[in-house]
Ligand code: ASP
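Take a look at this single chain, the form predicted alone, given in structure tokens.
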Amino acid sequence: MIVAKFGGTSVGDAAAIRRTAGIIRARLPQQPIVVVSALAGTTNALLAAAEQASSGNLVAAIAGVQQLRERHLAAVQELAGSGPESQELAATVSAFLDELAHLVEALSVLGHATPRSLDAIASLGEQLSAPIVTAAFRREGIDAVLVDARRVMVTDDDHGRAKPLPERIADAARDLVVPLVLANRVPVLGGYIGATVTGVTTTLGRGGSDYSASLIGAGVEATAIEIWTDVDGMLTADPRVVRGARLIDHIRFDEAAELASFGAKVLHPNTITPAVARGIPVLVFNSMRSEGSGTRITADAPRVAVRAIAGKGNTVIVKVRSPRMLGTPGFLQQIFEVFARHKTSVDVVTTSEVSVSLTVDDDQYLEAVVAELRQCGDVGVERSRGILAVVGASLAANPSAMATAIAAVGDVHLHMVSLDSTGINLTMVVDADAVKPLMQRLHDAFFPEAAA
């Protein structure tokens, strides 16, 4: 039994969905469970309509709804034909889009959108794509069956980035999904979406379809979790930024998790966690070149000093300085509790006797965080920063690799430097506009044959 997740570009149009059907047909002996994202660009369009409606621009919002209606109904016609099943599917799609129209009209009256209402709107992308993909599979001779992901992906009620409840998910998957697989059918679920215990729709946050697939894979104890995207696999760097980036054939779980957290776009940062817990291999493939070897992510990949380079901008440094830190037990705990209360994750931390510097990339609640931190000491905020990550399982055991990394940075201002506790990630905080050129320099230093 495997779980195969297809991202938005892999189900972006009728041709892409037909390719996806071919991939699944070839995997029928492996008893696939399919998780799909919304059609490419749909979630952005849904959230744009919500924003337009809540800001008073109902005409633009309704126009956006109409564009989504035309796109999805065109996909239905092309993939499902014109028979009774196609008519039923078109009615289902139209009903979802009628619901969307009612929701944006309600937002225009209220004048604001709540996290719960945004979840109701954003979830419609997967609620539209999953039945379309199911119908397309059936027309291609695959015995596919639609499963409402909200009956499986049970979460808390933190709308917008709900926390999954793994034990409940495993129970639901065993009850609702596994029997279908054992009957030689192919369950198709939307990713990214879930529901509370009481049935209120939630979402896992952007990129959450990968996370959905991994959670379901862990729940059914799958033999593998396949992530199908629009690149050949995980690469030694982002090819949009770095010339000469090359495919990584095999990578360790911990390395992949670090790269995902620090800028690698192929995987959602949470994807690896449920797979690690169950020791399930994660494989990354290109749905446009299904013959490719992809990347295999396991616990036993060979250890190397440097596996890849990652980078990201939009980083903010928060600095807290207080003489009270010196010799005061629990002071750092107080600081981290402030971030926790305001649901703000910290990436990189460095400390001295009387100060601590932290980075965050989600500044939604930063103003409230800073206001509370001022009770602990003097607080400074530095914006327009970025993070570089040099990742390799044997990095700490290879002093020359760390020396090479620092040398490659040269005379660029380093605001923070940190080696993680496992010794596999050397992170460097620099000015945001230095991230891309430094990624190229670091990659050239560690992968010279790729640069040639």
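Predicted, not measured: the structure shown is a model, and the values here were computed from it. Position 1 is the first residue in the sequence shown; the rest follow in order.
Below, we refer to the form predicted in complex with ligand ASP, which is not included among the displayed structures.
Colleague: In terms of non-hydrogen atoms within 4.5 angstroms, which of the given stretches 380-388, 413-421, 30-38, 400-408 touches ligand ASP in the predicted complex?
Modeller: Only one stretch qualifies here: 30-38.
Colleague: Could you confirm whether Arg206 comes within 4.5 Å of ligand ASP in the predicted complex, counting heavy atoms only?
Modeller: It does: once ligand ASP is placed as it appears in the predicted complex, Arg206 has a heavy atom within 4.5 Å of it.
Colleague: With the cut-off set at 4.5 Å between non-hydrogen atoms, does Tyr192 touch ligand ASP in the predicted complex?
Modeller: Yes.
Colleague: So in the predicted complex, does any heavy atom of Ser54 sit within 4.5 Å of ligand ASP?
Modeller: No.
Colleague: Do Glu258 and ligand ASP share at least one heavy atom pair within 4.5 Å in the predicted complex?
Modeller: Glu258 lies outside the contact set for ligand ASP.
Colleague: Give, in sequence order, every residue of 365-394 that has a heavy atom within 4.5 Å of ligand ASP in the predicted complex, or say none if there are no such residues.
Modeller: The stretch 365-394, when checked against ligand ASP in the predicted complex, contributes no residue at the 4.5 Å heavy-atom cut-off.
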